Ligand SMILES: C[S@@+](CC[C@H](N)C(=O)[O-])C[C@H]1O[C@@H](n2cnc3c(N)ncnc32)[C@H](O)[C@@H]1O
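Shown below, as structure tokens, is a lone chain in the form predicted alone; questions about how it binds or moves come after it.
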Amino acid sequence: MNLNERYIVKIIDEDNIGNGIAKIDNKIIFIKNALLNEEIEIEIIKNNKNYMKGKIINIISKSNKRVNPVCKYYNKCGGCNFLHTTFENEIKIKTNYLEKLFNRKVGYLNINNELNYRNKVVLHIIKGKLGYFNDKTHELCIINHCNLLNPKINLKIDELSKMNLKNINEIMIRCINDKIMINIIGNISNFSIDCDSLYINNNYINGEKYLIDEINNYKFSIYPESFYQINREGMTNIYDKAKSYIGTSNSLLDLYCGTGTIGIWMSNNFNKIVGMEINESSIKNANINKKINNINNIEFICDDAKNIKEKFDSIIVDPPRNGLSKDVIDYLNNSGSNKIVYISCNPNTLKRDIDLLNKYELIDLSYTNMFPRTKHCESIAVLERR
């Protein structure tokens, strides 16, 4: 089997990142955008020791779950993985992957906003052209529209694409409650564009210093550098599920608390809440959020999660994609807490960490399709002390 050779294969399985899986002479081959039970003519584009990769040349027998991608950049950009199939099939593929990974049934928290859900985008600029980096490269896919983004963000992208972007490296755009925040990164000191909040190189220029979202009668402030979930509906799903998992007790630790959103969401369930987050901008927002929501039982600390020492009845962790450090795993195992609720955007590191939390037992696991049409999802697990 050599590069550029062609074969006809039957797709026998699917992975969670949009590949169909076939076998040639008992060797696994991954084919991007292929679907279960399709018969396809492929060309081999990569041949490693343990697996191969192929690209579709011709679909001989097409799945009834195949659709035409709504995006003209789909085969160039790499940001989406499931635009070639139905939304229902994407959910099925992700559910199957999680159930195989954890060897248990997984609950699904329904989501309706398949497109136009992202409230934030970071765009790269090369030679004055604006777009996304192609998957796993620094090659620019020039765009003027993205189907995943809030329509108001797309209007700004179209406007920016017609402007002089010389000496600019990156542009961040947020849309919260129909208000636009822009942060320009580059070798510039001024830039003129109509928006509600303008920053240059993370320095405030004009307009509103932060945007405010309002959900479930709570208000949440967001600075340019602060972490805030990009899908409002998905965030509500996860936080409501966390609230049902965690119940009530005396004290709660919110580790990797971001802008304090989930701690504030839980504020009526506990006498004392401590949120810890290493990002200074997020903690700044968390303290604003505490004030504008008139909440007095939360303390926010700007520090590395590994430095936590205090004991709590219950703990919520929402780490970055690489999961929990050894120090945090050790702390949790020795915390004596009755419950740990683990929110994760990476099911593989979630599985690894749950296995390492050997003093706790996984009681329930659910997920929501927080990032529709991409390979990502958001899981939430509840663990109880053995």
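Please read all numbers here as calculations on a predicted model, not as lab measurements. When you see a residue number, it is the position in the sequence shown, counting from 1.
This protein has a second form, the form predicted together with the named molecule, left out of what is shown; the following refers to that one.
Asker: Give a yes or no for Y239: in the predicted complex, does one of its heavy atoms lie within 4.5 Å of a heavy atom belonging to the named molecule?
Answerer: Yes, Y239 sits close enough to the named molecule in the predicted complex that at least one of its heavy atoms falls within 4.5 Å.
Asker: In the predicted complex, does D318 have a heavy atom within 4.5 Å of the named molecule?
Answerer: Yes, D318 lies within 4.5 Å of the named molecule in the predicted complex.
Asker: Is there a heavy atom of L252 lying 4.5 Å or less from a heavy atom of the named molecule in the predicted complex?
Answerer: It does not: once the named molecule is placed as it appears in the predicted complex, L252 has no heavy atom within 4.5 Å of it.
Asker: Though only this chain appears here, would I262 touch the named molecule in the predicted complex if you measure heavy atom gaps against 4.5 Å?
Answerer: Yes, I262 is a contact residue.
Asker: Just give me the single entry in P224, G258, G234, G79 that has a non-hydrogen atom within 4.5 angstroms of the named molecule in the predicted complex.
Answerer: If I apply the 4.5 Å criterion carefully, the residue I get is G258.
Asker: If you check Q229, N150, S197, N289 against the named molecule in the predicted complex, which one has a heavy atom within 4.5 Å?
Answerer: It is Q229.
Asker: Picking from 243 to 251, 124 to 132, 188 to 196, 277 to 285, which part of the chain touches the named molecule in the predicted complex when contact means heavy atoms within 4.5 Å?
Answerer: Correct option: 277 to 285.
Asker: Hey, which residues along 292 to 311 are within 4.5 angstroms of the named molecule in the predicted complex, non-hydrogen atoms only?
Answerer: Counting only heavy atoms within 4.5 Å of the named molecule in the predicted complex, the contacting residues of 292 to 311 are D303, D304, A305.
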